[in-house]
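Take a look at this one chain, the form predicted on its own, written out in structure tokens.
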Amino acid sequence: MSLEARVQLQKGTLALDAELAVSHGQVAVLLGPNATGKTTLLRALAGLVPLANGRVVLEDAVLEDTEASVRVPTEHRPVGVVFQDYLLFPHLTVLENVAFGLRARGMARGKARGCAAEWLARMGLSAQGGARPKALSGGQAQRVALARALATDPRLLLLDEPLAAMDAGARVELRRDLRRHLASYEGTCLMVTHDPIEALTLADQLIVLEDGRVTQSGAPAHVSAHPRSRYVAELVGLNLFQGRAEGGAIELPGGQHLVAADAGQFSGDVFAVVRPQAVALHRVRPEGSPRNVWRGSVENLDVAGERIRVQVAGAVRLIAEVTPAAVAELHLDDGGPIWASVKATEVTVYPT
């Protein structure tokens, strides 16, 4: 592993106790609800926040170890940081901003400016070298901040929501640019985002942080297919249940049951996933093959592209995804009682 860290610290009401490992050359994306410690974790890895307990190792070099009383100062860590608001120095030109980290590490002024100019050329910003940050667009400022971080050749690149300040139109182009720059970066990258599209398109590894702890980590396809918390399930658009498998059925909290075709392979605590597209809605109790049928009520309707996501409240809460034609046919806009059904073959089960 390129980065191995155990970070324990207290910041206000947040108790951060996170353990993570990222392989060399990977882009790991840190996801999680607000106020769960994502930015604090990045700042701790950069040395901007001291650990109460823990250890940070980067490419076999110990950056911090509380038991051994080792703590490498921030300025001596081979770490580059792009903050959410970029933190460009307003009194310096764009060229001087990019050269700043190199000069701080002792590089001669002329050589630092030459290296900075090369990075601005890579970012397509050569013409802006003499400008002040206030003259830049949001996208240009983002690229300057990225160039400043990469110019020092960091072994670890930390990105704190680098596209958050962009409007929707600019984000698509900047996401493409960021993916291109990260593809040529030879170190390890850890990026914070709230955007599932950014996470799934940029990440080699997803790390989910909830309430200060890592609740799930793995390849995007695996995390998306096997969510282990309601936050992840909602993020990827799945219905997630947790219960106890026994005799081919899963007992859910509240006494409800979920029948799954492969539940007989498991015994004990399990997760079960149902795709919203697999949930059928009816105004009267359905007859025929569905093994799972629950009564509920229409709570809310949301447009999702060319489909409609229907939140069904009841003893078993579900999200169904149906066509606009089905909404009209079933008069779902009127709310009221509804029956939801799921075939046993549409339920995916895996251990907790």
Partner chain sequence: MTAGGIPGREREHEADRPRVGRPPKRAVGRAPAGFVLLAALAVAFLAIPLIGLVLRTPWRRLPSDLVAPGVPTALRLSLECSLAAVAVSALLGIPLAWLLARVKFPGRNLVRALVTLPMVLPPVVGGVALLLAFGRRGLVGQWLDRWLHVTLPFSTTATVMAEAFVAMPFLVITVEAGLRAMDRRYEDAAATLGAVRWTTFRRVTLPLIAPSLGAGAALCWARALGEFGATITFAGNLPGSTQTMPLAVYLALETNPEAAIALSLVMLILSLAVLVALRDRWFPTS
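Note that the coordinates shown come from a computational prediction; the quantities given were computed from them, not determined experimentally. Residue numbers count along the first chain shown, from 1.
Although not depicted, the form predicted together with its partner chain is the subject of the following passage.
Q: For the interface check, one of 276 to 284, 82 to 90, 206 to 214, 251 to 259 should have non-hydrogen atoms within 4.5 Å of its partner chain in the predicted bound form; which one?
A: Comparing against its partner chain in the predicted bound form, the contact stretch is 82 to 90.
Q: Give a yes or no on whether each residue among 100, 105 and 134 has a heavy atom within 4.5 Å of its partner chain in the predicted bound form.
A: Yes.
Q: From the list 152, 229, 265, 140, which entry has a heavy atom within 4.5 Å of its partner chain in the predicted bound form?
A: Only one option qualifies, and that one is 152.
Q: Would you mind picking the one in 269, 173, 186, 75 that has a heavy atom within 4.5 Å of its partner chain in the predicted bound form?
A: So the residue touching its partner chain in the predicted bound form, by this definition, is 75.
Q: Taking heavy atoms and a 4.5 Å cut-off, does residue 55 contact its partner chain in the predicted bound form?
A: Result no; residue 55 lies far from its partner chain in the predicted bound form.
Q: I'd like to check something about residue 62: if you look in the predicted bound form, is any of its heavy atoms closer than or equal to 4.5 Å to a heavy atom of its partner chain?
A: Residue-level check for residue 62: no, no contact with its partner chain.
Q: Does any heavy atom of residue 48 come within 4.5 Å of a heavy atom of its partner chain in the predicted bound form?
A: Judged by the heavy-atom cut-off of 4.5 Å, residue 48 is in contact with its partner chain in the predicted bound form.
Q: Where, within 298 to 320, is there a heavy atom within 4.5 Å of its partner chain in the predicted bound form? Residue list please.
A: Contacts from 298 to 320: none.
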